[in-house]
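Laid out below as structure tokens are two forms of one and the same protein chain, each shown alone and named structure 1 and structure 2.
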Structure 1
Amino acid sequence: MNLVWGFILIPVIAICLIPFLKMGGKAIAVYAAVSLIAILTSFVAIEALLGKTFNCTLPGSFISGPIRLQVDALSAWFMLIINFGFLAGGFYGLFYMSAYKNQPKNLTLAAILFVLLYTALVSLCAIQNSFVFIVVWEIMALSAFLSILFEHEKVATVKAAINYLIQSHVSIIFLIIGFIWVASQTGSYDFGAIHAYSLSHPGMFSMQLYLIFFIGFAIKAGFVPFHTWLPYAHPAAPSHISGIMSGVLIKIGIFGILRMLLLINIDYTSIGIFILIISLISGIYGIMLAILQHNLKKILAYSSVENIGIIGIGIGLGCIGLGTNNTVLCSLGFAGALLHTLNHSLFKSLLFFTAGNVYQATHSMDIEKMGGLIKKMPQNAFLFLIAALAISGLPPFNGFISEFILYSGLFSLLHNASAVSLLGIVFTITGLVAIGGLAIICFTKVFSVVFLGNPRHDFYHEIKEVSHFQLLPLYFIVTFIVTIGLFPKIFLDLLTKPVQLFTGLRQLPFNSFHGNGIEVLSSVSMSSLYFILTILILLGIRKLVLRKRAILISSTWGCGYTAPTSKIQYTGSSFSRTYSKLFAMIFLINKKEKDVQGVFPLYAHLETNIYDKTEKWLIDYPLGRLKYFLSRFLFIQNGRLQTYVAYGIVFIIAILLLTAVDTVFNTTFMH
């Protein structure tokens, strides 16, 4: 109990203090608060991961009823991810934000919001009362909204933030519908009531309830077609916030989906197939659009959609395993999903932080203007490269491990499946492979266009590496990425308890990952070590051999042409041109073109703009129709004060009349 009060007191004290502190004090206060909460919650979380669930009930109010808090293994896993994300992101943010020293008011707000967002996210993992859950969810959504608004003088930022605000409230509406449904049927806001309700109403009702929750959480997580807010919100926010949003915030959607899976008793096979299909679409569509973008952070945002898809594939497989009583598939599916959640939070936040460094150096996010940054910011380029390799799912990094677990699950299914499900398996494997291949296109493009070659644009300020302190948390993340890649066993063992929660839903016999077909992971890490060893030996040999040889530095081979300009380099668009032509029917590329004309052309112009087809048809089109319909009623808003007063009077009279009618009705019926 004391723990909980401490947990509530720390952010309250920090938030009250921050406005009165000086710049350095603010930074210390924010980070101290975050660290204290992180230590406190990690302590509880690690205990939960080792098997000791934390339980506690707050008295609550007469509206909410008693507020139950519970940290089980699933909450613990997500809590630790959130803690790590905020510790690294916060540390990075301290230095990132120092560029905005001249806006003290803005920074105060940002500091308060950071603490608030963190506290809200961590508590969401533990709260077991739907009323309080919604309130905290709203705090989380609003603080994220205001955090995005940091650079509010830019129109695009305001637009993106409002887009996010509206979409996250659509998500809240779905959640409220789900919670009220249960509360109205059972009279309790406790999460236990959801479980009890679904047990007493199996079949259609539970399925509908789950789908409502799924949509609510999927908007937050960014599954296609609910992803349209991501590509706006991530680029608009300051980089440490976008890293946290993509690495941690959208994972709370995944957490919700998993939590509801534990609570609602449904037909796991059909929901598994549903999640699998929607995830495959998310994965492929997300990365396909990512390849085309020109804005660095937008690329990363779309790639988040892809990775949410991979996580979803794991959840889908796990559900199918549950439905068919297949312990191996169930455990591998959920383990893959949970591990990829961690992995994605690591490399995606690293990518956003390095992108933030690029932004601070160039003041631009347009990759077509960059190039050659590796010479100006070698460390940053190296960090980005590691993250790019990891996110492409390549060994010896962590992305490969989670994808390998998913593949193992899929291939383990092959032996005893029917023809139809085999087709499903093959399509899933193909989808996962295609996602991997597309990710390679995407990240080779981004890395080479941003960091390699010659600069494509003259910046009128010096481009230099950011401070070492700012790079420090990034190296810390890299350590984790490599550790998971080389020694996955440790992390897999930590996943035993969370996965047991899911296998326990059907009493599947699952005690640990030993004897589960996944001890091959030690062979995988062995092979990865071989790979690293081979590279090191080769580099040694190379160094020895080249020591005595003549090394010349010359210009790039230019087919006999000796005065190349940086303009002849392949740009991002040209790199993906063949690809974008091949899949033209999927994309919506608006082109503005003015061809060269005449013998001595002076001016030519080409502008391409990639738009999302799902956004056009699912958001813009219905909104346009709605606007058209509502515009018919514009006469009501005529701008005359007298009419507005009249509306008020009519409204008051209507209310009075209605009450009067109601009382008359009641009295007549009473007698």
Structure 2
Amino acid sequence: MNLVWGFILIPVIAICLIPFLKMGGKAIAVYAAVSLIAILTSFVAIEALLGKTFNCTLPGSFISGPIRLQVDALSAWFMLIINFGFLAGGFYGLFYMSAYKNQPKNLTLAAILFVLLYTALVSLCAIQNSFVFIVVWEIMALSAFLSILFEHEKVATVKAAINYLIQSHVSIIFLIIGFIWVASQTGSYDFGAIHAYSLSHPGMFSMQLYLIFFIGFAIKAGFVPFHTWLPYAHPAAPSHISGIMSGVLIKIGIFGILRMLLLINIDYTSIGIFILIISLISGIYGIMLAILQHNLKKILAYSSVENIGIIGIGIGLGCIGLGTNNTVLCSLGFAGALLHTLNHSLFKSLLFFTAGNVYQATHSMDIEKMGGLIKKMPQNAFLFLIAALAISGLPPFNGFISEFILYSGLFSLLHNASAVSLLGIVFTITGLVAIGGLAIICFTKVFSVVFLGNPRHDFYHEIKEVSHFQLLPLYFIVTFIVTIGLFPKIFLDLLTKPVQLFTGLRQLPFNSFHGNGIEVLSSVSMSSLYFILTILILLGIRKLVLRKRAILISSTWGCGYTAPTSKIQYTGSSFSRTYSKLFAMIFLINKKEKDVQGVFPLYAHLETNIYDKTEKWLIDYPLGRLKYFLSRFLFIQNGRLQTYVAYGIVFIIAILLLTAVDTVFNTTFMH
């Protein structure tokens, strides 16, 4: 109980102090509060991962009833991810936000919102009362909304924030429907009532209940077609918030989906197939759109949709394993999903933080204006490259490990599979392969266009590396990315308790995985390590041998061009031109070009913009029809004073008539 009161008091004290502190004091108060909460919750979470579940009940009120708190292994895994994400993001944000020190009011609000957002996310992992859960979920949504609005003077930022707020409340509506459904039938807001209700109402009722919750949480997670807020909110928010939103915030949707799987008794095979199909679509569609974007943060936002799809594939496989009593598939599916949740949190936050460094150096997110930044920002380029390799699923980095586990689960299904099942397995494997291949194309394009080649635009300010302190948390993230890639068994062992919640087995069937897969993982990781060490040794020998030689710098061969210019190098659009032509029918590509005059024009301009067809069909078209319908009633608000006076007279007459009718009714029938 003391831990709970400590958890409540720390953010309250910090929020009360922040407005009265100077800039340096605000930063210290925020990070101190986050660090203390992280220490408290990590202590409880580590114990839960070791098998000791934390339980506590607060008195609550006559509305909510007793408020039960529980930190089991699943809560613990997500708590630790949230803690690490906010500690790294908060430290990075201390230096990133120093560029806005001339906006003290904005920084004060941003500091308070950061503490609120973190406290709400951690709380959601432990709350077992649906009424309180919705209240805290609303606090989380509003905190994120106001955090996105930091640069509120920009019209695009305001639109992105409102878009996020509306879609977040659509998510909340679905969650409220699910919770009220259960509470109306059981009279309790406790999560245990959800489980009891599903046991007493198996079949369609439980399936419908789960689907309602799935939609609510899927909007927050960013599954297709519920993803349309991500490409706007992530680019609009400050980079440390973008990293936290992609690395941590959307994971609370994954947590909700997994939590409801533990609470609701459903046909796991059917729901597994449903989640698998949605996830494959999300993974492929997300990375296909990411390849064609020009805004660096928008590329990263769409790749978040892709990685949510990969996590969903693991959840789908785990559910199918539960439904078919295939304990190996169940274990590998949920283990892969949970590990990729951590992995994505690491490399995606690193990508957003490095993108933030690029933004601060260039004041632009348009990759077509960049180029050659590796010469100005070598450390940032190196960190971005590590994250790009990891998100592409290449060894010896963490993305390879979780995707390998998912492949192992899929290949374990091949034994004794029917013809129909075999077709589904092949389709899923092909989809996962396509996601990985497209991710390599995407991040090869991004890294080469942004960091390699020559500058494509003349910036009127000096481009330089950010401070070492701002890079420090990024190197810390890289350490975890490499550690998971080289020593996967440590983290797979930590997943034992969370996966056991789904399998219900004391001893997980990881033996078959350890026998056929973990050795392969270890050998690939160690071979990659030896390869990297060999390269480093050779580079060291080269530097030692050439240390006394003079270094000459000259231009490389220009392939016959006597007047080389940056305009002849690949742009992002030209890099992906063949790909965009191949899948032109899937995309909505708008072209803006000016007429070219003469054979040798002095000026030519061609610009392409990619628009999400899902957004056009599911949001723009319905909103357009709604606006058209409402426009039919514009005559009511016509701006004429006489009309408004008439409205008032009609209203008064209506009130008098209703009063008279009520009086006559009471006189006639009551007496």
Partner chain sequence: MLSLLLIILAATFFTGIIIRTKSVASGRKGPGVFQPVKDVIRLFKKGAVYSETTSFVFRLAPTIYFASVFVAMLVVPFGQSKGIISFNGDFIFFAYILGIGKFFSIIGAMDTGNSFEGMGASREALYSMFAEPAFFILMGSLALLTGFTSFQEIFSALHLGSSISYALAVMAAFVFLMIAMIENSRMPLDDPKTHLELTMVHEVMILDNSGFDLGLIFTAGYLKFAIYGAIIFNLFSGTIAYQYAIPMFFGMQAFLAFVVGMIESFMARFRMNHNAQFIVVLSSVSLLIFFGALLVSGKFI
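Under this definition, the rigid core comprises the largest set of C-alpha atoms superposing within 1.5 Å between the forms. Throughout, residue numbering runs from 1 along the sequence of structure 1. All figures in this text were calculated on a predicted structure; none of them were measured in a lab.
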| property | result |
| --- | --- |
| Number of the structure representing the form predicted on its own | 2 |
| Core-aligned C-alpha movement of Tyr647 between structures 1 and 2 reaching 2 Å | yes |
| Did Ser527 shift 2 Å or more between structures 1 and 2, C-alpha, core superposed | yes |
| Core fit, then Phe62 C-alpha moves 2 Å or more between structures 1 and 2 | no |
| C-alpha positional change at Leu658 between structures 1 and 2 - rigid core reference, Å | 9.3 |
| Per-residue Cα shift, Asn638, between structures 1 and 2 [Å; core superposed] | 4.1 |
